[in-house]
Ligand SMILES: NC(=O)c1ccc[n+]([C@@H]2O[C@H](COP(=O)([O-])OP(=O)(O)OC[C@H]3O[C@@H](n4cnc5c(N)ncnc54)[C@H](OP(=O)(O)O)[C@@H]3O)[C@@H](O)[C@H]2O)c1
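Shown below, as structure tokens, is a lone chain in the form predicted alone; questions about how it binds or moves come after it.
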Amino acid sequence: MNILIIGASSAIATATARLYAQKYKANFFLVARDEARLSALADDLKVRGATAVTIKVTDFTDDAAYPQWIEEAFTAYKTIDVTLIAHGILGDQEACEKDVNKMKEMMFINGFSPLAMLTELANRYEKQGSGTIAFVSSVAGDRGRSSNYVYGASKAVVTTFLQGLRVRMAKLGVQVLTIKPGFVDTPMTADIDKSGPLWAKPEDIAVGIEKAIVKGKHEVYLPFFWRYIMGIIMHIPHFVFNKLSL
């Protein structure tokens, strides 16, 4: 099995890569910004059973470079069975409200950047005629909330894009999976209080991702109970929702 992971040094991506190394002895093409962390992950995956690991250090703000390293991935392994896109930032809602450049940065990294990657990947998978494209979105994209609506919007735009891409690729035998985690204990959420019962570990999310791919799912909430939580949140009337601090 050949796997391309974009944003490979993120906690969810790392946990997923470890699972695939142990369970499938997979070959990996890992893309991220930090060479030291990528190299350490490559060594870790080999110890866990990965057959081969190739790393690519890149600056995700350079969207002109995307076609090049996507080409490198498909050249390295001919067929890419699974692509997982897990790169992004949580950002600062208050900073985005006050500084339009901060808002634009968030929308580029979490929104436009994945759309550009997905477009390049879709054309590759169209020729390949098989495989899975999986994107780590968020439950935050289901409904705009005052506490994180810029982040939520950046995820929502990709989620909507994936809905259309899924229809296009289904005719070709390619799975397009939208992954919607809730609260996950990662370095990105290090400054957030985790005393509540809703927090999950990256390893839990990785197990859910692998199961969703195997089952051919098109969308998965992780952990599963977030589907019901968001179902409630999405149906709260506006006159009530506007009074809540969510």
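Everything numeric in this text was worked out from a predicted model, so none of it was measured. Position 1 is the first residue in the sequence shown; the rest follow in order.
Although not depicted, the form predicted in complex with the ligand is the subject of the following passage.
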Is it true that Ile12, Ile89 and Pro187 each have at least one non-hydrogen atom within 4.5 Å of the ligand in the model of the complex? yes
Query raised in the report: Taking heavy atoms and a 4.5 Å cut-off, does Ser138 contact the ligand in the model of the complex?
Result: yes
* Asked: Wondering, does Gly182 line up within 4.5 Å of the ligand in the model of the complex on heavy atoms?
  -> yes
For this session: Classify Arg33 as contacting or not contacting the ligand in the model of the complex by the rule of any non-hydrogen atom within 4.5 angstroms, answering yes or no.
Result: yes
(message) Although the partner isn't part of this model, could you tell me whether Tyr151 comes within 4.5 Å of the ligand in the model of the complex, counting any heavy atom of the residue?
(response) yes
Note: the ligand not shown here; in the model of the complex, the stretch from 174 to 182, 39 to 47, 210 to 218, 22 to 30 having heavy atoms within 4.5 Å of it is 174 to 182
Contact with the ligand in the model of the complex, heavy atom within 4.5 Å, among Val157, Ile109, Val82, Leu118 goes to Ile109
Checking Thr58, Thr51, Gln68, Thr54 against the ligand in the model of the complex, the residue with a non-hydrogen atom inside 4.5 angstroms turns out to be Thr58
